[in-house]
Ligand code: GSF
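A single chain comes next, written as structure tokens; it is the form predicted on its own.
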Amino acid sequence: MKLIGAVGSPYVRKVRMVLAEKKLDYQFVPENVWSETTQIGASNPLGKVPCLILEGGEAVFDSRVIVEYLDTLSPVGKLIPSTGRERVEVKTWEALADGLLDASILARLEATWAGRSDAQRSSAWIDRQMGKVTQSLQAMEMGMGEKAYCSGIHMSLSDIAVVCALGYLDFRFPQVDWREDHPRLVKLHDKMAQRQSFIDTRPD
């Protein structure tokens, strides 16, 4: 398998962490989708990463679809329950973490995209997106409760998705001090940060 992606993308990082936890072999193919010479459209018509190329040449895209597929490839380290409320809980955590990322990336693009002048940038739009980030962090903190992991006593995709979101805030939004008011998330992050999958995928 080949994974097309960017090291700085938190969605790509989520897939890379799952690949590591599942102990699956793959080739990483760096791709800058913002470059004029990007070839991502040949594999993903949406022009996004991550994109997983299977051995037969088929392309699988969207990080949620990719990690769902990867979890079926090996019984090692099952990350997504097969059925029932447990499965829904894990996928809801993933949706919340990805939603935080969606909002933060929209805010960052509005603030930094070279295609707009300062006069064209909307502070109201940035504030709206960062408000979603704040609400998501609060929901995560409350959802953690006194559990060892997001979805119970075992690590799952929930935890990988959440720490990728938190890691992205550290990477691109150092001014957002999410640690101050979210001690349960700090505890989870610090525990997950000891895993080799986390260490090896940390963005530069």
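All values derive from a computational prediction rather than experimental measurement. Residue numbers here begin at 1 and follow the sequence given.
The next section is about a form of this same protein that is not shown, the form predicted in complex with this ligand.
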Considering this ligand in the predicted complex, which of 71, 89, 110, 98 comes within 4.5 Å of it through any heavy atom?
98
Decide whether residue 47 counts as a contact residue for this ligand in the predicted complex under a heavy atom distance cut-off of 4.5 Å.
yes
Contact flag, residue 141 vs this ligand in the predicted complex, heavy atom cut 4.5 Å
no
Non-hydrogen atom contact residue 33 with this ligand in the predicted complex at 4.5 angstroms:
yes
I'd like to know if residue 136 sits close to this ligand in the predicted complex, meaning any non-hydrogen atom pair within 4.5 angstroms.
no
Heavy atoms within 4.5 Å of this ligand in the predicted complex: which of the stretches 155-163, 47-55, 22-30, 175-183 has them?
47-55
Residues of stretch 1-39 in contact with this ligand in the predicted complex (4.5 Å, non-hydrogen atom)
9, 10, 11, 33, 34
